[in-house]
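Only one chain is given next, in structure tokens, and it is the form predicted alone.
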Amino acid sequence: MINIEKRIYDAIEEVPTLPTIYSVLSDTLISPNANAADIAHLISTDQSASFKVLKVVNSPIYHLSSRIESISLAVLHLGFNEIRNIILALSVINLFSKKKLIAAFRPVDFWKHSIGVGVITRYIGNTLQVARPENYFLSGIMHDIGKLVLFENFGDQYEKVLQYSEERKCQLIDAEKEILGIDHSAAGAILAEKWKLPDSVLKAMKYHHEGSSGDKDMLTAAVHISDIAARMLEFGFAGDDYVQKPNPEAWELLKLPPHFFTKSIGVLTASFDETVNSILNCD
């Protein structure tokens, strides 16, 4: 396991850094003098980023009452951090979508699943009116990113992981531990550290299967429940068909309204379809 962890660290060192616009945005947001006009101007200098951000902002996930036609309005309605997170999510999808993946794994369906988890997580955040919802969509998108790290750098071994999971009818995370000695949650956390993602996002990525990091974290619980719901609703394909039982502690912590998912299937499905179209057809 020590050897595989070192190889993963070495492999992640080769993963490109995040786009300049994300880094500059992060640095700008640290400044106490940052304002909406500065942020909007910065994003607008990158036409590709601007176009993609506006498509996502106008997708159903944000439930805005009117169409947003400018980056300035997008920043005004969603805030600095949410816009930065959208750029990060789009950048990561673009970065890994260009990689050559093993044939046994369907990258488009993988991203559909990740987007589905993001949509549901954000919907849960909206429903519960959490104080800081900006990391909910991003955490859903990023929760399984460690799978990409593993099967891009250990393709032959990961084919064995997929085969083991299928034959034993078990989750990929269990097959990863058995074959590789490390799982995608741990690999994703290593990548999150390199990219200096917010601690709350890193924690949700690392503990999304358990549903709890031991400190009653709402975001981790939301991603855990959303991952299960996305599988049940067949939003994309996460690499295995296993649907785990939710952690009762996570379910109790969220305290979702009665029949929450039964009543929300129509809204979630429509939001998923349109958000997938907005993100995966941005180019």
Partner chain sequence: MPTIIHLEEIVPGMVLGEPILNRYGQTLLTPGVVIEEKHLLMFKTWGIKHITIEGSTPRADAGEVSEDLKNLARKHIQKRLLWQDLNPMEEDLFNASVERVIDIYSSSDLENDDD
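Fair warning: this is a prediction, and the values are worked out from it, not measured in the lab. Residue numbers count along the first chain shown, from 1.
This protein has a second form, the form predicted together with its partner chain, left out of what is shown; the following refers to that one.
With respect to its partner chain in the predicted complex, the three residues Ala40, Leu76 and Phe80 uniformly fall beyond 4.5 angstroms at the level of their nearest heavy atom. Arg231 belongs to the set of residues with a heavy atom inside 4.5 Å of its partner chain in the predicted complex. In the predicted complex, Lys196 stays away from its partner chain, with no heavy atom inside 4.5 Å.
In the predicted complex, no heavy atom of Thr45 sits within 4.5 Å of its partner chain.
Using a 4.5 Å cutoff between non-hydrogen atoms, Gln171 counts as a contact of its partner chain in the predicted complex. Stretch-level contact analysis of 246-254, 45-53, 212-220, 62-70 against its partner chain in the predicted complex, using heavy atoms and a 4.5 Å limit, identifies 246-254. Within 4.5 angstroms of its partner chain in the predicted complex, the stretch 174-208 places no non-hydrogen atom at all.
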